[in-house]
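What follows is a single chain, given as structure tokens, in the form predicted on its own.
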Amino acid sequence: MRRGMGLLMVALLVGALALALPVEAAEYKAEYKLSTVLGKPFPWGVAGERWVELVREKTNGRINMKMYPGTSLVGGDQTKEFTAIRQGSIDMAIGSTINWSPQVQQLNLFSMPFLMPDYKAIDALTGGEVGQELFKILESKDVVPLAWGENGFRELSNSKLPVRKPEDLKGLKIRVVGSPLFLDTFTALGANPTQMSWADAVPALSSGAVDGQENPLTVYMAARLHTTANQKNLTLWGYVADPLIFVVNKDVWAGWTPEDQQAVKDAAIQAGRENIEAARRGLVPPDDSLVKEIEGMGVTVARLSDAEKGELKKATREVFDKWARQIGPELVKKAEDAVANRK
């Protein structure tokens, strides 16, 4: 009897020790690969470095991430990033809704022309029911979404003339990202859109192979497009926005303890908030200091009136309706309602 009790106690002790052993000793990688399109000094790249720093701090060094900017893990092709995350060749990413939209159709929502008139509209979508629904869709595709960030409203620049109406875009060669929705939008406006990666875009702009591009003003400034690519005409039209999403591959996520999962999520939320603040600095009225700085560099800035935006919106309405059917009419209607009721 005593021998049996002794064996039982030994078994219980061994079991308790096994439970107490750190899971990371068997499961954790020495380094986790974080993919981003842009590095420092762009706010996107700063957000990546910040997430790396916060994760190391919050997990006491158990999780070490290394950022690979320029989507270098997929040969610079940003449209392949989401597939690589699903397959596990990338561990985590801060990705663009635009770049991931070829694989996740519903993310095209943020690229619907003139859906979001201001930053409150972006927040109404990402911070509300629409954002929750999009996260559920991502969860069904082998990734764990953790937080929202922001690349910003995409403004139009070109080397030819100030653009205020659809007629001004006629024949302009505009570099766009690899999304059919962008091709449809610029074609409807009379432009000649050309898809290319960001790595190819700057040389093409500098050589005059394309006339213009559309990107957040933080990208315009950090890349010094007014000098490197002769982009001396800038149109503030806020026709689409580009939220960012912090995600982790689901198998990588499953290999962490619940405590470390929470730490990585908390770090993503914090880095995301800091990123949004940086992406909007100098752009949210009444502080438009970044716009004034750009004007001070000899750039012609066209601030469009509501009537002018209305004409551009009218010119792209068929594109909006076409893509609403592809994205899902219910989701689009939910987004329109959220924007209309924003506070």
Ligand code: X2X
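In case it trips you up, residue 1 is the first one in the sequence shown, and so on. Note that the coordinates shown come from a computational prediction; the quantities given were computed from them, not determined experimentally.
Here the subject shifts to the form predicted in complex with this ligand, a form of this protein not shown in this document.
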For this session: Could you check which residue among 65, 312, 38, 54 gets a heavy atom within 4.5 Å of this ligand in the model of the complex?
Result: 38
Problem set entry | Residue among 153, 110, 114, 198 with a heavy atom within 4.5 Å of this ligand in the model of the complex | 198
For this session: Could you tell me if all three of 44, 98 and 215 have a heavy atom no more than 4.5 Å from this ligand in the model of the complex?
Result: yes
Seminar exercise, completed: With a 4.5 Å heavy atom cut-off to this ligand in the model of the complex, the contacting stretch among 129-137, 203-211, 169-177, 220-228 is 169-177
Problem set entry | this ligand contact at residue 242 in the model of the complex, heavy atom, 4.5 Å | yes
Exercise. So, in the model of the complex, is residue 78 in contact with this ligand at a 4.5 angstroms heavy atom limit?
Worked result: yes
